[in-house]
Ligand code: HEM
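The chain below stands alone and is given in structure tokens; this is the form predicted on its own.
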């Protein structure tokens, strides 16, 4: 068993609703910009137009391509006991199942409060909505008798030398990754889930992200101005996902899950925008105009490190070369990356708070995310990045059918 990393059970510090709803979380430099040069991930099969299937061995929102908008929401669980925790997870399952399918909310009649906020109209669109639910290490403290069932590699997020972490933007008992093609669908979903679970959870921090459009073609651009997310394992290849994403050697209840890392990277854009173009490109290892690796023709070309051993073309300390050196030893440290940009307006000094809401999925955080992050700690690009928060979580196994619910295998095992 492990004790809660927080002073008094679920009473985590700095978890006021006002503070949490204004908190933007971030992305780590570890592959945070992941401009590392393989083919984009393939789309996962979808049940119907506009709808991403909810039921399955694995949760949705991991292997399907990120849509236009995504929010990461960390929660502190306020359930009093094991029974309350089951009520929370069953309620989340029921609401997510309905919201991701779309349809008409029930009509409770004119004398009752509406069943839905109405912000999306009388019929809810599916809008490629996914909600991915994961648990943090702090859920396995002494409150619910789950300590012996903690996934073997699940810990609180460790700090790295480049970090400037804010306690109120870190950790959580649960994380929700909520993604959809429209921002109002994401906002509607958050409002619905918080209303449905009122009294059982308390929001801890929230990060709202968005995807830039591809300009002119290919991968979208991050707020450094470079094409982003070019490198990813092929999610259409079961061999790749079984080797890199899905967990198979954890406690039996956890089969079909995955480790989730969420990190916040603030980009210090004022300084970055003054860096000469050639220096920017050498820090990244790609051309800014079209995303191709330096010395290559296309963004999807594989960097030719073998014929550039001294880094004359792509510097040895460039982002893409450190993130994925393409050696045999680094092959199993690849991560499945799913990131968004964020914009928090202006900070107290009048500087833009822009950054990358980084999220990745993997079998083993130490072998994958942390190994990449350690390689990137000394990269020149790190001078322009400030990770401020995040957390490590374990994605619960998928909901198999209409009778199943999120966390069933965990709570049954307890």
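Positions refer to the first chain, counted from 1. Owing to the predicted nature of the structure, the values given are computational and were not obtained by experimental measurement.
One more form of this protein should be noted, the form predicted in complex with the named molecule, which is absent from this view; the next part is about it.
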(message) Taking 4.5 angstroms as the heavy atom distance cut-off, pick the stretch from 217-225, 120-128, 166-174, 135-143 that is near the named molecule in the predicted bound form.
(response) 217-225
(request) Using the partner position in the predicted bound form, report whether residue 385 sits within 4.5 Å of the named molecule, counting heavy atoms only. (result) yes
(request) Please check if residue 326 has a heavy atom lying within 4.5 Å of any heavy atom of the named molecule in the predicted bound form. (result) yes
(request) Would you please decide whether residue 319 lies within 4.5 angstroms of the named molecule in the predicted bound form, comparing each non-hydrogen atom pair? (result) yes
(request) Using the partner position in the predicted bound form, report whether residue 209 sits within 4.5 Å of the named molecule, counting heavy atoms only. (result) no
(request) Heavy atom within 4.5 Å of the named molecule in the predicted bound form: which of 262, 265, 179, 74 fits that? Just give me the one. (result) 265
(request) Residue by residue through 330-350, tell me which have a non-hydrogen atom within 4.5 angstroms of the named molecule in the predicted bound form. (result) 335, 337
